[in-house]
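Only one chain is included here, represented as structure tokens and corresponding to the form predicted on its own.
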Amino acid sequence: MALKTLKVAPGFMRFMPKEYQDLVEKGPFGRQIKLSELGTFKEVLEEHPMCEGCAMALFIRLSLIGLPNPEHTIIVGTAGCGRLALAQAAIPFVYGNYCDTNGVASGIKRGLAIRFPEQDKDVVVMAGDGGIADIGFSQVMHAWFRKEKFTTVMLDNEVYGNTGGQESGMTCRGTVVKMAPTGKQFEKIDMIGLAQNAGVSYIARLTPTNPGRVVSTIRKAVLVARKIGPAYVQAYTSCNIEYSIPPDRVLDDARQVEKERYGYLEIMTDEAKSYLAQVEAETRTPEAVATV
């Protein structure tokens, strides 16, 4: 949770595992990573046990690249496919109960603010549609109503992919899945509309078809949540197992869904927009460029 935690006593670095040395010397800690640098630095997530072609794994990888300060970030997750990758990343991961990720994140964020008043600490909830829109719905909404300053990222695969194919609140109406053989009877939950009604400061909807957009969106969401108010990112991350999508067709599916009903959307308050403009201006100053 800080750059100093990566340091070892002088003279001992050469005895550390090569993976650790690379993470310290070539990792994203302490500097702003660009997507164009992919392949030239040591990523905080390089191995995971998720399925071949998993869109969620791709989105998580890109999201971790987008974190403004991974060395000062904690990720909160819960049961579901996403935690299989998140738990492998070189970033602190807190495993919450299935219903209380946003409650846990609220406590962590407040505690960090007290413990480190001079250092911004970012908290990011990253969980599936079941953990965010179904079982964790109450905690999510109340965190938004309280204007808790952390980011909530929904990995929306529109089904309970980790437990056998039950329909979720985010499954589209009429969709037939393993445990909804007659098709879902109700509409997909409008989490974007609910976030707007709750006064969330930054809201975005996207798919993993545009890697640069994913990185930029996550960065903006975390920055807004750090200073202004809650942020919400809803990402289409199809479950190619439950929806029988061949691994090499996952992004084709994402492009089609994006075109039909999951187009890129970004909504933010005037205060959030002004703050992001200020951050952008500061990063373009000669002093900031020289520092980087």
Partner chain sequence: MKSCTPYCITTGPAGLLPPAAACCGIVLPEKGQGLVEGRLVSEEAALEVMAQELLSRKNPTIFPGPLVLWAWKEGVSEKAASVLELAEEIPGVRIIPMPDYRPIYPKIDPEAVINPCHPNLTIWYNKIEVCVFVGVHCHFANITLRMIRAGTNCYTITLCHSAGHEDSMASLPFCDVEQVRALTEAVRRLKRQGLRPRHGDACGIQLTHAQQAVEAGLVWRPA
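Residue numbers count along the first chain shown, from 1. Take the two forms, find the largest set of C-alpha atoms that superpose within 1.5 Å, and that set is the rigid core. Everything numeric here is computed off the predicted structure, so don't read it as measured data.
What follows is about the form predicted together with its partner chain, which we do not show.
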Discussion item. Partner absent here, but in the model of the complex, which of 89 to 97, 167 to 175, 182 to 190, 206 to 214 has residues with a heavy atom within 4.5 Å of its partner chain?
Written reply: 89 to 97
Discussion item. Is residue 271 near its partner chain? Define near as a heavy atom within 4.5 Å, in the model of the complex.
Written reply: no
Worksheet item: Hey, in the model of the complex, is residue 49 touching its partner chain, heavy atoms inside 4.5 Å?
Response: yes
Discussion item. Residue 19 versus its partner chain, in the model of the complex: is there a non-hydrogen atom within 4.5 Å?
Written reply: yes
Discussion item. If we define contact as a non-hydrogen atom of the residue within 4.5 angstroms of the partner, is residue 9 a contact of its partner chain in the model of the complex?
Written reply: yes
Response to the item:
in the model of the complex, the residue from 223, 58, 245, 44 with a non-hydrogen atom within 4.5 Å of its partner chain is 44
Worksheet entry | Core-superposed C-alpha of residue 277 shifting 2 Å or more between this form and the one not shown | no
